[in-house]
Structures are given as structure tokens and as C-alpha cells.
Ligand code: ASP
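Single chain ahead, by itself, as C-alpha cells, in the form predicted alone.
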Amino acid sequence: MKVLKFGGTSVGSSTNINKVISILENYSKKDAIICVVSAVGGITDRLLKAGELANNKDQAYTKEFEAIQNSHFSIITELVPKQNKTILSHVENMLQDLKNLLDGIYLINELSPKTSDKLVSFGELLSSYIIAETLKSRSLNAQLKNSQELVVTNSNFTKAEVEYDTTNKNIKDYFSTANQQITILPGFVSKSKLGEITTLGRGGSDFTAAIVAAALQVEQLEIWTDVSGMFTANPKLVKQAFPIDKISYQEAMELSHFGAKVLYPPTVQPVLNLNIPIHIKNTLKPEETGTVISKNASSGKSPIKGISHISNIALLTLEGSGMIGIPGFSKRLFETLAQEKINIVLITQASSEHSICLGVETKDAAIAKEAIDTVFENEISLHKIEPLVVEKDLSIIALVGDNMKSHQGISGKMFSALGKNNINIRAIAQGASEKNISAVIADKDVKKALNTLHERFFEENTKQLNVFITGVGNVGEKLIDQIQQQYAFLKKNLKIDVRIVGMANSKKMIFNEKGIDLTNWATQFHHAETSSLQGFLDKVIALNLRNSIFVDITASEAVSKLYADYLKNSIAVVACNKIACSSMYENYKKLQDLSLKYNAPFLYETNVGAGLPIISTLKNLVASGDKVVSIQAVLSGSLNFVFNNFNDKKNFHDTVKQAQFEGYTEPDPRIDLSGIDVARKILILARENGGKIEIEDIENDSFLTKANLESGSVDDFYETLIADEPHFQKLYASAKEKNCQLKYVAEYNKGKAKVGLKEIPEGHPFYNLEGKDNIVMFYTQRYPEQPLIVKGAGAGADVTASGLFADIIQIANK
């Protein structure tokens, strides 16, 4: 004999009921079947709503009744279209009884727990009758048995307690003589010893099935629902969650307690002592394995079996010096809550006895505060304790697993992962059995917390990065192409899953929490929302995704001013925009401090040498204890390109135009040619070396004329270049006469920095610097005579994008 239970979704439509019937038909070929069914999906909620409306004198209860009636009539018509007159007549009588009950509630304004139980019992009684009659109409040997004639309880309405001696005898007696192949039982419903209609609480259909399975000591109890077992986390919140093959009774109860809706916690109790396995299966996908709950479930690779949560939690904190060493203090506190019938979900107390934190459902918080403040009124008035503090909008997350106690460092990994994503923990609780580790966090962080922990404990250490890019011009396009090209490689070899979740240009911005499709990202801007810097920031914060990275590929001061807001929300910042790091030293230092405080990396390797590892090399020198004495560098790929291509046969104007056309200069080439860009770069290197200097402190020996520097626009600037061609030819001729090369050089020595055009003699490391290459020479205590040299392409969209990409990957490896 087998006991199967089908939930509300499984019997929520004629289509699903047909799937149930198919399963029962297959099972009944081998075994006698007991089938416990829930109410049609959503009907219990409608019954309760109709009752509340009637009790509130709201005639809208009649519309709820009509919806209930139409739902059942529709299912009957679709299941047994040719033989439904008798069934319809019986259901009509049942529905008339329901209507009379609702009318009575409306007239006398009475909806007691007793009446409520009678009201909601109609759901299971209707569904079980319809399913039983459908089985009969299809020539299956089936019979309906009312569970109210078997399950006997006390009179604790809405959550009655079972009288097991009487109930077990009733079940054994009935099934000892029953000869039908399929028995249909309504779940959830029961009767008291006095014959009053009672229910076993929400989720009680699972309980009914377990009671029957235990009484008959069957080999296995099967719970059929709309998911393929118990998952490692809620699959609606964690897309990577997967079904757990095997799990112990205790683990299942822990997960159910912490919000896993697949199983009603009391279900386990009747079968626990008898070691009857519970198999959770998917009605819609019966071929899938599901989850087996038993006494000796294999541990598998991970000591963690699942991650779950409870929402709508309030944290109550009672504290004060008057609590220390006072016997019975906790007893008074707990008794107060018990008298108000308030369930305590979590308890944690400081060893100093100075405070006690309790987690309760948010709906109970106001009552709890009033009751506790009243009971401890005297102590509060004497300032021995403080009035109860209530914090709302909280949730409890929990790691669950029997074998956590034999694995060191689980809690450390849990809290480290949460901390790195700026998820603040308000309270912690861990039982001595170590079957769960619970933490109270803000409601808004639940999704991020669950995904963070699932990634940490279940996803083979694959780290998901959620990237938001502002500035999808030339460099941005190259970065997107590189991420798309390397996606599979990174995921397979480095266990990094890089997803671009948001993009913005100056006009539009797009977002996709699951990751933007990079095969056609540009077309998505056609129908995108209007872009705004604050709107982009607000969206990134609202999504609240783990391992979020903001990438700035602009030259905008306004964008750079938002870095602090990103960092304060533990969103890493990667920037090729030099403005922030070359702004006032106070702002530079503030960003570094925020990065440390909020554990949000702030990386800007491309600020100095595009894709060259210049800043990282300097940081490594400093971190290893070396002392950088001086820095000499050619830091502008743009200027190097210009002076490598300019000569007495090609004028300066055309050379600059070519550099701009090929993407080596900013849209406004004055930024490059004025030397301010190079000054910013040497300023950043000086600061990375510990120097506290400002941009004004850097000596800038410009090679441009006064007319060039005072030009009002880019077009005017180009006009002045034509007019001042003799000036540039003179510079070239002077260098050529000395067999020198013109290079724009940045220098830092003993706390001072300067930039300017220099004539570099043959044999110098800068002399043969070609194209757009950059070079940096670090003279240090360890490299006093032969400097440490970093050399390579210092401009161009591809190399700049690769530098940004390298920073993103570096964040993943932290």
C-alpha cells in the first residue's frame, strides 16, 4: 500500500488533475493507493477572504463565492463532460451549504476560529469529491473516504492537535476491510472528539498524509507538488538552485521551519520515529527524481544541504545593567510572550547577560512591545533596563546541514561571504547541534544573501560578477566584445561568471538582472529608458546584486563624483576616468578610505598606461617594502604618437588630426597636447607612492603657443596649429640637429613632479619609443642604477579595454 499526497497546484486545474489521475492509474496497477488531496489551488485563500468580507459586512463576499463556484464547475465540466449531472448536483448542494454559511457570517458578524474551520473545510471536501467521482467515471476502482471520520483531534480550532490513539485505530480499522484499489481522502480536515469540524493548520494536507502513512506503517510517503523536490535554495530567488537528492528528517524540518514551502514541518513527526521515508515529487514532471527524506541521508560533497529564509521578522532587544545576574529575568520575558501567544523564532543573548534579542513575526511586534514594556514597567522607570527596542523589515537566513558540526570554518565562510557584499548582520544564532546557523539581516538584502551563500557553498566556487558600464563608446564597445569573447574561458578555467547587467551612454540606459544579451546589445538601446547618472546609480543600488562592479569609461567629472556613492553601497568601482584620482588629494584619500571601509575595490589601472600594469607594479613595490626614489616616464600614447609621426615633411596640424582620427587623443585634443593629461598621470603615481600633492604643485612646461592654449574651441585650436606651424617645425629642427627625439616626459623626484617636452638623446631608453607606446622607469632602493621598466602600448581602445577587463578579473580573484 502506498500513500500519495497531491497539493493545491497539483489539483489546481483540470489539466493538472488529469496528470494526477494518470499517476494514480499507473501506481494502482501494482499497489493499493491512498491519495490525500488538497483544495483546488487558491481556493483556501478565497474561502478565508470571503469569510473576512462577510464578517466585515462587505457584500463583495458574494463575488468571492461566485469565483469559487465557477472554478469548481469549470473543472467538473472539463473532467467529466458527459457524466457530470450527478456530480454537478452534489457539488451544487455543497456550494449552497457554503453560501448559507457565508450568509450567516454576514448577518451575525461572527467568524470565530470554529466557524473559520468549518468554512475552509469546504475546499478539501469539494476537491476530493470531484477527483473521486472523476476516477469512477473512468472505470477506476476508487472510493472517497471523508478524513473527518478518521482523524480525531482536540478542539483547538484552526490548528487542532491529533488524538493519535483514536485516529490510528480508526485508520487501521477502515483500511483493514477496504477493498478499493484507490482511496481518496481530503487532507487538512478533521473532527474533534465532540464531533466539531476542525483543521490541522495550513499545510495540514501533508500532515493528514503522514498520519495515515504512520498508522498503516507503509514503506514510503510520497508528497506530490509543483517542484521537483526540496531545493538548495528558493529557486524563485536563486536561479542556480537545484533539487537535493537525499536529506535527513532533521534537515528537512530545519529547511521547512526556515521557509521552504515544499514541506509542512509537522508532517515529519508521525513518520519520524517509524523511519518511513518521505519522497517529494513533481506532479508536472513525474519522471524527475525529486527528494527523498529519510533517517540516514548521505552527506554528499558539502556539509550544507540547503539555504533558506523567513521574511517579515522583527527583532526585539531588551537590554540594561539591571538584567545582569538576576535569576528569572528571561523566564518573565518568555512567559509574557507566551501569554500573548507570540511565537519566538530566534533567540540570542550576550554572555554578559546585558541584553537579549528575540526574533518574532512582524505582525506580533507591536503587541510584544506593549506587553513587555508593561511587565517591566518598574525596572524601566528605575532605569535598570531600557524600553524594548523593535526593529522591523528584517529576515532570517539560515544554513542547514546535519554534518556542519564536523566541518570547521562553516560560519566563518558564511559571514565572510556576507560581509564582502556589505550585508549587515543584526543577530546570530547557532544551536549546539550545529544543524543550522541563522542570521538576521535586512529584508532588502535577502536575495543577494541567498545568492551569495549559494555561490559560496554550492557552485564549485564559481563567482558571479555583475557589471554595470557607463560610457559605451569606442573603449566600451571593445570591453563588451572582450567580455563576450572570453566568457566561456573565464567560467571554465577561472570559475568567473561575468555578466553585464547594466549599460548607459549619454542618452539611454538598459538593464537586465539576468545579464544583457551581448550578441545584440546595441539594438536594445533603441527602446531603452532615458539615461541619467543618478538614475543609473539608483537602479544599481535597487538591484542590490552580489559582487557588483561599476565601470566608468567616460571622461566626465559628474560621473566621477558618484564614485563615493557606489563605494558606500559596497559596489566596486573600475575607472579609466582620471578625474577622481587626480582631483583634490582629500577626495582621492576619501575614495581610498571608502573602498577599505565598505570592502569595495576601487581600481583604476588604466588611469596611467591604458592596459600596462604601471599602477599595480608601483603598488607591489611599495607593498613589498621597496622605496621608490624617482619616476621617469613617457605617459601619453597620444603625444608619443604625435611626435613619432611629426617631421619636416608632415605638418603638426595633420599629425594631430591623424592621432584624433585613429582614437589616440581625447575628443578634445587640447587635453592631451596641453600636458594636463600627463600631469594627472604623474600625480596619480606620486599619490600611489605616498605623495600628498595637488595638480597645481606639478610644473607643466607646455610646448604649445599662447594662441594654442587660449583657443576657445577645438576648431579654433586646429586653426591656431596651422598658423603656428613654424613654431612646431622649430622644435623638430632643434631636436634633429642634436640627433635627438622629441618626447613629452613626466618626472617625479623627492616629492616634486614636472612634465614637459624634452629632447631625448640616442641611447636613452626613451629614444626608440615608437608609435603610441608608453614607458615608465622606477628608480628604487632595490633598483638604484638599472631601473625597473614597464613598456608597451599606452593608448588605443583595445588595450584600454583590456586594462579595464584585467581590473574586473582582479576583483573576482579577491
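Keep in mind it's a predicted model, so treat the numbers as computed, not measured. We call the rigid core the largest set of C-alpha positions that still match within 1.5 Å between the two forms. Heads up: residue numbers just count along the shown sequence, starting at 1.
Keep in mind the form predicted in complex with this ligand is missing from the figure; the text below concerns it.
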{"property": "Among the candidates Pro601, Gly663, Gly203, Pro387, the residue which, in the model of the complex, approaches this ligand to within 4.5 Å (heavy atoms)", "result": "Gly203"}
{"property": "Phe188 within 4.5 Å of this ligand in the model of the complex, heavy atoms", "result": "yes"}
{"property": "This ligand contact at Ala39 in the model of the complex, heavy atom, 4.5 Å", "result": "yes"}
{"property": "Contact of Glu254 with this ligand in the model of the complex (heavy atom, 4.5 Å)", "result": "no"}
{"property": "Non-hydrogen atom contact Thr44 with this ligand in the model of the complex at 4.5 angstroms", "result": "yes"}
{"property": "Listed range touching this ligand, judged in the model of the complex by heavy atoms within 4.5 Å, from 195-203, 311-319, 629-637, 177-185", "result": "195-203"}
{"property": "Any residue of 119-154 that, in the model of the complex, places a heavy atom within 4.5 Å of this ligand", "result": "Glu124"}
{"property": "Rigid core superposed: Leu47 CA moves 2 Å or more between this form and the one not shown", "result": "yes"}
{"property": "Threshold 2 Å Cα movement between this form and the one not shown for Thr158, core superposed", "result": "yes"}
